[in-house]
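One chain comes next, on its own, written out as structure tokens in the form predicted alone.
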């Protein structure tokens, strides 16, 4: 942890060398992210509610998924650019260092300007809370925390899978964006609106519904079963096959010779 904080400090200082540029980039992310909120509002003005979810409840859902995704973008960016590390031979240097590969890739690139998306999502959450009808008891606060933190871990797992494919293809596979960026975009609304088949896919294969839809039902008092509080924790099991797939690719890796 001490070494990671050293990486963290170094990258933060380097990105703050040009403070005006850094602040403007964060501000730009905030402004661009509001386009997502605007699309939700335009939809809700037309239909008032979707499957019984009101505007505020939908915005609550949107903000939670966006916060989870933005956390993974800040801290897992190294896996998003992983094909570049393979292509330019930089990954070979990682292999000869006496630290775990995943740790080095994770610490190699922390993109702080992505915090602009997180700030925007927090603002939307604060706006949505008063009209959402949620009574914020300790269990609801715990549910919200688990949705965001475990959601970040699930998106992180998807980035690991994206990086793992690069061992077999050298280049990243763009179809993975359907699950990363697509997961965020589809997460603007409760996943149940896309149909039962999609909901099952996002429950049993890619557990995005476990960090969004099911705990959201508990937040809104649509179900009383406290088991729904911990469905985000169950989604953490997705880290296991993601890590296993990365290890399989790592054993197969051959240097580019760069």
Partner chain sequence: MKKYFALFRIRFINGLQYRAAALAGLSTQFAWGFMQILAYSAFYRANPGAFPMEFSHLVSYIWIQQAFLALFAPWGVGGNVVDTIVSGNISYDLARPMDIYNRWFSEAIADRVSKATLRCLPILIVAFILPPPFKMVLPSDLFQFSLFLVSAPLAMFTVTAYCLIDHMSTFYTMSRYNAIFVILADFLAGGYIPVPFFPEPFRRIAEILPFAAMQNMPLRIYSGDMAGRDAAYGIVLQLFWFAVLLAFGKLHMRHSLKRVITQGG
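Residue numbers count along the first chain shown, from 1. The model shown is predicted, which means the values in this text are computed figures rather than measured ones.
This next part talks about the form predicted in complex with its partner chain, which is not shown.
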Looking at heavy atoms inside 4.5 Å, which stretch does its partner chain contact in the predicted complex, given the options 34-42, 224-232, 211-219, 66-74?
34-42
Taking a heavy atom within 4.5 Å as contact, would all three of 116, 149 and 246 count as contacting its partner chain in the predicted complex?
no
Under a 4.5 Å heavy atom criterion, is residue 129 part of the interface with its partner chain in the predicted complex?
no
How about residue 242: is it within 4.5 Å of its partner chain in the predicted complex, going by heavy atoms?
no
Wondering, does residue 50 line up within 4.5 Å of its partner chain in the predicted complex on heavy atoms?
yes
Even though its partner chain is not shown here, does residue 156 get within 4.5 Å of it in the predicted complex, heavy atoms only?
no
Check each residue of 193-218 against its partner chain in the predicted complex and list those with a heavy atom within 4.5 Å, in sequence order.
193, 194, 198
